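Heads up, the chain below is alone and in the form predicted on its own; it's given as C-alpha coordinates.
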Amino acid sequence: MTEKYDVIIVGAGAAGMMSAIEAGKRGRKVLLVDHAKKIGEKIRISGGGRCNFTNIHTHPDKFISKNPNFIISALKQYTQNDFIRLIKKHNIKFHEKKLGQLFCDESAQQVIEMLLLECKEANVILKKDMKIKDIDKKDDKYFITVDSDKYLSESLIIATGGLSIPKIGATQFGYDVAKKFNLKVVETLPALVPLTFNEKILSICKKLTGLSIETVVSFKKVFFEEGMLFTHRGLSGPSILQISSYWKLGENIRINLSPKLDVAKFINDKKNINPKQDINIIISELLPKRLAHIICNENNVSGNICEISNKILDRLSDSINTWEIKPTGSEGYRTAEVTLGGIDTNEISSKTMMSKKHPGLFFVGEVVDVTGHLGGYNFQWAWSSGYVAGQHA
(Lines give C-alpha, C1' and ligand atoms only; values in the text may rest on other atoms or scores of the structure.)
Protein backbone atom coordinates (compact mmCIF):
# COMPACT_ATOMS: atom_id res chain seq x y z
CA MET A 1 0.00 0.00 0.00
CA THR A 2 1.30 3.48 -0.90
CA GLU A 3 -0.19 6.58 0.71
CA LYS A 4 0.41 9.90 -1.07
CA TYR A 5 1.07 13.22 0.66
CA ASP A 6 2.35 16.63 -0.32
CA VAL A 7 4.72 16.76 2.66
CA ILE A 8 6.09 14.07 4.96
CA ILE A 9 7.87 15.17 8.14
CA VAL A 10 10.04 12.71 10.06
CA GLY A 11 10.32 13.65 13.73
CA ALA A 12 7.49 15.09 15.82
CA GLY A 13 9.57 17.24 18.15
CA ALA A 14 9.60 21.04 18.32
CA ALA A 15 10.92 21.65 14.79
CA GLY A 16 8.91 18.85 13.21
CA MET A 17 5.58 19.95 14.66
CA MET A 18 6.27 23.56 13.70
CA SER A 19 7.00 22.49 10.10
CA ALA A 20 3.82 20.41 10.01
CA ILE A 21 1.66 23.26 11.33
CA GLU A 22 2.96 25.77 8.79
CA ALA A 23 2.79 23.39 5.80
CA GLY A 24 -0.72 22.33 6.85
CA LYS A 25 -1.86 25.96 7.11
CA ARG A 26 -0.90 26.40 3.45
CA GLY A 27 -3.34 23.66 2.50
CA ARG A 28 -0.69 21.00 2.00
CA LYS A 29 -1.57 17.40 2.80
CA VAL A 30 0.86 16.67 5.63
CA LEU A 31 1.96 13.45 7.30
CA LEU A 32 3.96 13.81 10.54
CA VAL A 33 5.64 10.59 11.73
CA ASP A 34 7.68 9.73 14.81
CA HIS A 35 9.38 6.55 16.02
CA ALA A 36 8.32 7.15 19.63
CA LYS A 37 5.01 6.23 21.23
CA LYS A 38 5.04 9.50 23.17
CA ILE A 39 5.99 12.62 21.24
CA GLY A 40 7.57 15.87 22.38
CA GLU A 41 9.61 14.29 25.17
CA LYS A 42 12.44 16.81 24.87
CA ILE A 43 9.89 19.61 25.25
CA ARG A 44 8.33 17.84 28.24
CA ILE A 45 11.58 17.46 30.23
CA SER A 46 13.04 20.86 29.32
CA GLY A 47 13.42 23.67 31.83
CA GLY A 48 12.78 21.36 34.75
CA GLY A 49 9.40 20.45 33.25
CA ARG A 50 8.44 24.09 32.62
CA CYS A 51 9.92 24.39 29.08
CA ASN A 52 12.26 27.32 28.49
CA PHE A 53 10.51 27.87 25.14
CA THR A 54 12.40 30.93 23.87
CA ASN A 55 14.56 33.87 24.90
CA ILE A 56 13.63 37.54 24.47
CA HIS A 57 17.27 38.30 23.58
CA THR A 58 17.40 35.89 20.63
CA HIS A 59 20.08 37.06 18.19
CA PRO A 60 22.37 35.25 15.70
CA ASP A 61 25.35 35.80 18.03
CA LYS A 62 23.74 33.38 20.52
CA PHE A 63 24.33 30.45 18.15
CA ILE A 64 27.32 28.33 17.09
CA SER A 65 27.72 27.14 13.49
CA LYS A 66 30.53 26.72 10.97
CA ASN A 67 28.63 29.41 9.05
CA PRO A 68 27.36 31.97 11.61
CA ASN A 69 25.45 33.91 8.91
CA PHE A 70 23.27 30.91 8.08
CA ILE A 71 21.07 31.51 11.12
CA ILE A 72 20.10 35.10 10.27
CA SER A 73 17.38 34.45 7.67
CA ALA A 74 15.31 31.96 9.68
CA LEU A 75 15.45 34.07 12.85
CA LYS A 76 14.20 37.07 10.84
CA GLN A 77 11.40 35.11 9.18
CA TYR A 78 10.09 33.80 12.51
CA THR A 79 11.17 35.67 15.63
CA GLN A 80 10.89 35.01 19.35
CA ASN A 81 8.03 37.54 19.39
CA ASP A 82 6.13 35.45 16.83
CA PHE A 83 6.34 32.41 19.09
CA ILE A 84 5.40 34.46 22.16
CA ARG A 85 2.26 35.56 20.26
CA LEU A 86 1.42 31.88 19.65
CA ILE A 87 1.88 31.11 23.36
CA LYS A 88 -0.40 34.05 24.27
CA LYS A 89 -3.01 32.98 21.71
CA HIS A 90 -3.34 29.71 23.64
CA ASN A 91 -3.50 31.54 26.98
CA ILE A 92 -0.39 29.84 28.31
CA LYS A 93 0.88 31.87 31.25
CA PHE A 94 4.64 32.36 31.34
CA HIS A 95 7.35 34.26 33.18
CA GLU A 96 10.85 35.54 32.56
CA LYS A 97 13.70 34.13 34.59
CA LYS A 98 17.16 35.67 34.38
CA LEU A 99 18.82 36.66 31.11
CA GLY A 100 15.61 36.79 29.08
CA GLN A 101 14.65 33.12 29.50
CA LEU A 102 10.91 32.49 29.19
CA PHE A 103 9.26 29.55 30.98
CA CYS A 104 5.70 28.26 31.31
CA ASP A 105 4.18 29.08 34.70
CA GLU A 106 2.64 25.63 34.91
CA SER A 107 3.93 22.84 32.69
CA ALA A 108 5.86 22.07 29.49
CA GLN A 109 2.95 19.79 28.61
CA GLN A 110 0.99 22.95 27.73
CA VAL A 111 3.43 23.66 24.88
CA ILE A 112 3.08 20.09 23.56
CA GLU A 113 -0.72 20.31 23.70
CA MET A 114 -0.63 23.71 21.97
CA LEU A 115 1.44 22.29 19.11
CA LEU A 116 -0.76 19.20 18.79
CA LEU A 117 -3.88 21.39 18.67
CA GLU A 118 -2.30 23.59 16.00
CA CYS A 119 -1.41 20.44 14.03
CA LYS A 120 -5.00 19.20 14.30
CA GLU A 121 -6.38 22.55 13.15
CA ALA A 122 -4.00 22.46 10.17
CA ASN A 123 -5.30 18.93 9.28
CA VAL A 124 -1.92 17.31 9.91
CA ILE A 125 -2.04 13.50 10.05
CA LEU A 126 0.13 12.28 12.95
CA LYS A 127 1.40 8.71 13.13
CA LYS A 128 3.39 7.61 16.19
CA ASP A 129 5.46 4.48 16.90
CA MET A 130 6.53 4.38 13.24
CA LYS A 131 9.87 2.63 12.66
CA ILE A 132 11.11 3.75 9.25
CA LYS A 133 12.99 1.03 7.36
CA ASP A 134 14.09 3.09 4.39
CA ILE A 135 13.93 6.50 2.73
CA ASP A 136 14.36 6.76 -1.02
CA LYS A 137 13.90 9.16 -3.91
CA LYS A 138 12.49 8.31 -7.31
CA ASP A 139 11.27 10.64 -10.09
CA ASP A 140 11.56 13.68 -7.79
CA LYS A 141 9.33 11.99 -5.21
CA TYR A 142 10.37 10.82 -1.75
CA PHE A 143 9.36 7.42 -0.38
CA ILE A 144 9.49 6.26 3.21
CA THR A 145 8.98 2.58 3.99
CA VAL A 146 7.43 1.40 7.26
CA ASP A 147 7.04 -2.39 7.48
CA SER A 148 5.25 -3.27 4.23
CA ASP A 149 3.70 0.18 3.80
CA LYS A 150 5.08 2.98 1.65
CA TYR A 151 4.41 6.70 1.93
CA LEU A 152 5.12 9.03 -0.96
CA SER A 153 5.53 12.82 -1.00
CA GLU A 154 6.81 15.75 -3.05
CA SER A 155 8.59 17.20 0.00
CA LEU A 156 10.36 15.49 2.87
CA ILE A 157 11.38 17.32 6.05
CA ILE A 158 13.89 15.66 8.39
CA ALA A 159 13.38 16.92 11.95
CA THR A 160 14.86 14.01 13.88
CA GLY A 161 17.06 15.98 16.28
CA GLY A 162 20.58 15.21 17.43
CA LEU A 163 22.24 12.61 19.64
CA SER A 164 21.63 14.22 23.03
CA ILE A 165 19.69 12.33 25.72
CA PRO A 166 19.41 8.89 24.02
CA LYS A 167 17.12 7.62 26.79
CA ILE A 168 14.28 9.66 25.30
CA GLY A 169 14.89 8.30 21.81
CA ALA A 170 17.72 10.34 20.26
CA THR A 171 19.36 8.57 17.30
CA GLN A 172 21.64 9.40 14.38
CA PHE A 173 18.80 8.81 11.90
CA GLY A 174 18.91 12.35 10.46
CA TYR A 175 22.65 12.20 9.82
CA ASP A 176 22.25 8.83 8.11
CA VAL A 177 19.61 10.30 5.79
CA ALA A 178 21.94 13.20 4.95
CA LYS A 179 24.79 10.81 4.14
CA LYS A 180 22.51 8.65 2.01
CA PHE A 181 21.74 11.73 -0.09
CA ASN A 182 25.44 12.63 -0.25
CA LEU A 183 25.26 15.64 2.06
CA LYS A 184 28.16 16.57 4.33
CA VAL A 185 27.81 16.30 8.09
CA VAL A 186 29.95 18.41 10.42
CA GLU A 187 31.44 16.29 13.24
CA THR A 188 29.00 16.00 16.13
CA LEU A 189 29.86 16.45 19.82
CA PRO A 190 27.88 16.71 23.06
CA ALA A 191 27.11 20.35 23.93
CA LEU A 192 25.63 22.14 26.94
CA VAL A 193 27.02 19.28 29.02
CA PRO A 194 28.74 18.92 32.42
CA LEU A 195 32.55 18.56 32.27
CA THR A 196 34.61 15.84 33.96
CA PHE A 197 38.04 16.13 35.60
CA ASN A 198 41.00 14.17 36.96
CA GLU A 199 40.97 12.57 40.40
CA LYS A 200 42.57 15.55 42.17
CA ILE A 201 39.96 18.05 41.00
CA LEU A 202 37.18 15.46 41.30
CA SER A 203 38.03 14.96 44.98
CA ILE A 204 37.56 18.73 45.49
CA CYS A 205 34.24 18.62 43.61
CA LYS A 206 33.02 15.71 45.74
CA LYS A 207 33.77 17.62 48.96
CA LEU A 208 31.79 20.57 47.60
CA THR A 209 28.89 18.62 46.03
CA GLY A 210 25.74 20.73 45.86
CA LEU A 211 27.54 24.06 46.24
CA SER A 212 26.60 26.66 43.62
CA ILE A 213 28.41 29.99 43.13
CA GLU A 214 28.39 32.80 40.58
CA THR A 215 31.48 32.57 38.36
CA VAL A 216 32.96 33.69 35.09
CA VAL A 217 34.08 30.66 33.10
CA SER A 218 36.14 31.26 29.98
CA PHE A 219 37.79 29.38 27.14
CA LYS A 220 40.14 31.53 25.08
CA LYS A 221 38.14 34.67 24.26
CA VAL A 222 34.69 33.21 25.03
CA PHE A 223 33.31 33.66 28.56
CA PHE A 224 30.05 33.23 30.44
CA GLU A 225 29.11 34.87 33.73
CA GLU A 226 26.58 32.56 35.35
CA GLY A 227 26.21 30.02 38.13
CA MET A 228 28.58 27.05 38.53
CA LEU A 229 27.68 23.87 40.42
CA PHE A 230 30.03 21.41 42.11
CA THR A 231 28.82 17.81 41.70
CA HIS A 232 30.18 14.38 42.67
CA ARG A 233 30.97 13.82 38.96
CA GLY A 234 32.70 17.17 38.25
CA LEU A 235 31.50 20.68 37.41
CA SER A 236 28.11 21.69 36.03
CA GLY A 237 25.72 24.63 36.19
CA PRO A 238 24.95 27.22 33.49
CA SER A 239 28.47 28.68 33.10
CA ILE A 240 30.04 25.23 32.63
CA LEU A 241 27.28 24.02 30.29
CA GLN A 242 27.75 27.16 28.17
CA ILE A 243 31.53 26.86 27.92
CA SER A 244 31.28 23.13 27.09
CA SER A 245 29.95 24.07 23.64
CA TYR A 246 33.22 25.91 22.91
CA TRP A 247 35.82 23.94 24.90
CA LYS A 248 38.20 21.61 23.01
CA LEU A 249 39.57 18.38 24.50
CA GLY A 250 43.11 18.77 25.83
CA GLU A 251 42.72 22.51 26.50
CA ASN A 252 42.27 24.41 29.76
CA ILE A 253 39.31 26.42 30.93
CA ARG A 254 39.66 29.39 33.29
CA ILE A 255 37.34 29.98 36.23
CA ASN A 256 36.99 33.23 38.17
CA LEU A 257 35.44 32.23 41.50
CA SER A 258 35.05 35.86 42.60
CA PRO A 259 34.27 37.82 39.41
CA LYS A 260 33.14 41.00 41.14
CA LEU A 261 36.39 41.49 43.05
CA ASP A 262 40.14 41.85 42.49
CA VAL A 263 41.16 39.32 45.13
CA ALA A 264 44.86 40.37 45.21
CA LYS A 265 43.86 43.96 46.08
CA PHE A 266 41.27 42.75 48.60
CA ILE A 267 43.87 40.58 50.39
CA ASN A 268 46.49 43.34 50.33
CA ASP A 269 44.03 45.84 51.84
CA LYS A 270 43.17 43.32 54.58
CA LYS A 271 46.86 42.82 55.31
CA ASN A 272 47.32 46.56 55.79
CA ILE A 273 44.19 47.09 57.88
CA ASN A 274 44.28 44.00 60.11
CA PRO A 275 47.57 42.10 59.73
CA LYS A 276 46.72 39.60 62.49
CA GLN A 277 43.53 38.37 60.85
CA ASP A 278 43.44 34.67 59.88
CA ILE A 279 43.67 34.04 56.13
CA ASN A 280 40.89 31.42 56.26
CA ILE A 281 38.50 33.97 57.75
CA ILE A 282 39.47 36.54 55.10
CA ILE A 283 38.84 34.15 52.20
CA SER A 284 35.55 33.08 53.83
CA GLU A 285 34.36 36.66 53.36
CA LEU A 286 34.71 36.15 49.60
CA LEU A 287 33.61 32.55 49.16
CA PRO A 288 31.46 29.96 50.94
CA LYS A 289 33.36 28.58 53.97
CA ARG A 290 33.77 25.06 52.59
CA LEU A 291 35.28 26.38 49.36
CA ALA A 292 37.47 28.93 51.16
CA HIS A 293 38.85 26.23 53.45
CA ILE A 294 39.68 23.92 50.52
CA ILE A 295 41.38 26.69 48.51
CA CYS A 296 43.55 27.64 51.50
CA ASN A 297 44.46 23.98 52.03
CA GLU A 298 45.26 23.43 48.35
CA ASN A 299 47.63 26.42 48.47
CA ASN A 300 49.13 25.32 51.83
CA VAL A 301 48.13 28.68 53.32
CA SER A 302 47.19 29.12 56.97
CA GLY A 303 47.69 31.45 59.91
CA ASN A 304 47.71 35.22 60.26
CA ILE A 305 47.93 37.17 57.03
CA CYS A 306 50.99 39.13 58.21
CA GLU A 307 52.97 35.87 58.43
CA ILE A 308 52.31 34.92 54.77
CA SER A 309 54.60 36.18 51.99
CA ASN A 310 53.23 38.36 49.21
CA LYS A 311 54.29 35.71 46.68
CA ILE A 312 52.14 33.07 48.36
CA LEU A 313 49.24 35.51 48.72
CA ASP A 314 49.48 36.33 44.99
CA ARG A 315 49.33 32.63 44.19
CA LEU A 316 46.28 32.28 46.45
CA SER A 317 44.48 35.22 44.78
CA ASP A 318 45.29 33.81 41.32
CA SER A 319 43.75 30.47 42.31
CA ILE A 320 40.51 32.37 43.01
CA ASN A 321 40.41 34.92 40.16
CA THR A 322 42.14 32.80 37.49
CA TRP A 323 41.75 29.11 38.38
CA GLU A 324 43.00 27.20 35.32
CA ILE A 325 41.98 23.57 35.01
CA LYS A 326 41.97 20.99 32.25
CA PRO A 327 38.78 18.94 31.87
CA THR A 328 39.35 15.28 30.96
CA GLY A 329 36.12 15.21 28.98
CA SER A 330 32.38 15.63 29.39
CA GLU A 331 29.51 13.46 30.59
CA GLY A 332 28.66 12.88 26.92
CA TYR A 333 25.35 12.65 25.09
CA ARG A 334 23.70 10.99 28.08
CA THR A 335 23.35 14.35 29.85
CA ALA A 336 24.06 16.80 27.00
CA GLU A 337 21.17 19.16 26.34
CA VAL A 338 22.00 19.47 22.63
CA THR A 339 24.34 18.26 19.89
CA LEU A 340 27.09 20.42 18.44
CA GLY A 341 27.64 20.03 14.69
CA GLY A 342 25.26 18.28 12.30
CA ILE A 343 24.28 18.67 8.67
CA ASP A 344 26.60 21.15 6.99
CA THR A 345 24.78 24.45 6.44
CA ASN A 346 26.57 24.83 3.09
CA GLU A 347 24.31 21.99 1.89
CA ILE A 348 21.12 23.88 2.79
CA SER A 349 19.45 27.11 1.67
CA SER A 350 19.26 29.50 4.64
CA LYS A 351 16.11 31.06 3.15
CA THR A 352 14.13 27.81 2.77
CA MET A 353 15.99 25.08 4.78
CA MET A 354 15.92 22.98 1.59
CA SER A 355 18.85 20.90 0.34
CA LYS A 356 20.71 22.59 -2.51
CA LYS A 357 21.32 19.20 -4.16
CA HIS A 358 17.88 17.64 -3.70
CA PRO A 359 14.80 19.82 -4.31
CA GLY A 360 12.04 18.95 -1.84
CA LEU A 361 14.39 17.63 0.87
CA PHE A 362 14.53 19.81 4.02
CA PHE A 363 16.41 19.65 7.32
CA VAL A 364 15.36 21.57 10.44
CA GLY A 365 16.15 21.92 14.11
CA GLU A 366 18.97 20.26 16.00
CA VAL A 367 19.95 17.92 13.16
CA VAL A 368 21.45 20.95 11.36
CA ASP A 369 24.86 22.43 12.31
CA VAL A 370 23.30 25.17 14.46
CA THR A 371 23.63 25.08 18.25
CA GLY A 372 22.18 27.72 20.53
CA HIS A 373 23.42 28.92 23.89
CA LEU A 374 21.64 27.76 27.03
CA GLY A 375 18.43 29.63 27.78
CA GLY A 376 15.72 28.90 25.19
CA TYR A 377 17.78 29.60 22.07
CA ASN A 378 17.70 26.01 20.79
CA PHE A 379 13.92 25.93 20.98
CA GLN A 380 13.76 29.23 19.10
CA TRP A 381 15.97 27.69 16.38
CA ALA A 382 13.49 24.78 16.20
CA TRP A 383 10.51 27.15 15.84
CA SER A 384 12.26 29.40 13.30
CA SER A 385 13.76 26.68 11.09
CA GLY A 386 10.56 24.63 11.29
CA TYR A 387 8.47 27.63 10.28
CA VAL A 388 10.71 28.38 7.29
CA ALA A 389 10.61 24.80 5.98
CA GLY A 390 6.84 24.73 6.46
CA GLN A 391 6.51 27.79 4.20
CA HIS A 392 8.40 26.14 1.34
CA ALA A 393 7.70 22.38 1.54
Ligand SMILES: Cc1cc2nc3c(=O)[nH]c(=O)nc-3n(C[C@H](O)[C@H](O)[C@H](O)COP(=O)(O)OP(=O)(O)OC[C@H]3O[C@@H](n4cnc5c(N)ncnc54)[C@H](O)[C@@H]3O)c2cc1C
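Residues carry their position along the shown sequence, with the first being 1. All values derive from a computational prediction rather than experimental measurement.
In what follows, reference is made to the form predicted together with this ligand, a form of this protein that is not presented.
Heavy atoms within 4.5 Å of this ligand in the predicted complex map, among the stretches 194-202, 309-317, 91-99, 169-177, onto 169-177 alone. Although the partner is absent here, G24 is not a contact residue: none of its heavy atoms lies within 4.5 angstroms of this ligand in the predicted complex. Mapping the unseen interface onto this chain, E347 falls outside it, with no heavy atom inside 4.5 Å of this ligand in the predicted complex. Contact annotation: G341 falls outside 4.5 Å of this ligand in the predicted complex, judged by heavy atom distances. Under a 4.5 angstroms non-hydrogen atom cutoff, this ligand in the predicted complex has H35 among its neighbouring residues. The three residues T215, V263 and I267 each lack any heavy atom within 4.5 Å of this ligand in the predicted complex. Scanning 139-164 for heavy atoms within 4.5 Å of this ligand in the predicted complex gives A159, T160, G161, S164 in sequence order.
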